[in-house]
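Presented below, as structure tokens, is a lone chain in the form predicted on its own.
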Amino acid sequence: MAEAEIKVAKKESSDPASQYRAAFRYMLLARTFEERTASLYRAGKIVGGVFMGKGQEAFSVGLALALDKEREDIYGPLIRDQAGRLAFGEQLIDAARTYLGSVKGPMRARDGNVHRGNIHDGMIPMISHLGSHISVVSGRLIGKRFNNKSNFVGGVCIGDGGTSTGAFHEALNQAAVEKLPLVVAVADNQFAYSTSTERQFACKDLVDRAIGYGFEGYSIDGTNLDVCLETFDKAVNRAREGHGPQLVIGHLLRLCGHGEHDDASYISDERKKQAFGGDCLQIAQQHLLDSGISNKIEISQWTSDIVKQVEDATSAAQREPGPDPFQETWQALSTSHLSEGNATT
């Protein structure tokens, strides 16, 4: 099935089985694409870093599918949210173009290969100052409120390591005080780079912080796609209905290094055998088979189609030119008359 055909019907009319099937295909597309980018990185074809979401796809796609672009919802993904990006509407060719430095990409090869987004389409380009990323999404929500808009929600992603920053505290405090319709998805993947959670925070579960900030909180199995879809659907609806900000903690394990430059030797085999150490993609596929929602033949066809999509997108991006420094303005601001050298009084 082609990427453009991975559709999720409106929540009011769709059934859980169709939601699950679509979510799984986004997960599979993200995993396949990231494995391809990792291969290109090792071959020296990608400059910069490659950061994979292996093991986090279910949690990522759960938030993105719960959001509604027709209601002008805002989405703020991070480096491990390729599945969520695709589910929210990012085109695979745009992801490939950004990684491979094509001038045709959404960032025109100007801003790293993971800091991509589309502000006009509701997807905020991520910034590496992780806690601050939440404030950016909150700012968009406050701006909508100032413009007398309503019925919108913002969803933003962060990892367990990012919750230790001062910016995280400031952002959650502001969101609670302003009662913003914000859903904060924390992927507790057991490591902040190579630092285990035991050395990051003393509370038993990060969801314990929800009550202190004035959030409604959820602690879930981030490897269970069904639970992720259900919980994020509830959290987004609660935020949209005026119940204030929501904090969703997904317990899972990053099944790869921090980036492709990291061999992840600090992640022991014992960790992978413990609770939340499973591969969400394999778990979701087994559920498809056990429940009769899909079958081996159909999944095999999805896989073949997705492999072709990924190969087509990455091959096309490699053939495209990089930026020409004599043609590019390289301005940081999207409004050209405000950029340096063009300011007017």
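A residue's number is simply how far along the shown sequence it sits, counting from 1. Remember, predicted model here, so these are calculated numbers, not experimental data.
Quick note: we don't show the form predicted together with a further copy of the same chain, though the next part is all about it.
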At the 4.5 Å heavy atom threshold, is Lys272 in contact with a further copy of the same chain in the model of the complex? no
Although the partner isn't part of this model, could you tell me whether His251 comes within 4.5 Å of a further copy of the same chain in the model of the complex, counting any heavy atom of the residue? no
When the contact criterion is heavy atoms within 4.5 Å, does Gly214 count as touching a further copy of the same chain in the model of the complex? yes
Would Phe168 sit within 4.5 Å of a further copy of the same chain in the model of the complex, counting heavy atoms only? yes
Please identify, from 175-183, 219-227, 86-94, 233-241, the stretch that has a heavy atom within 4.5 Å of a further copy of the same chain in the model of the complex. 175-183
Honest question, do Ser164, Glu198 and Cys203 all end up within 4.5 Å of a further copy of the same chain in the model of the complex by heavy atom distance? yes
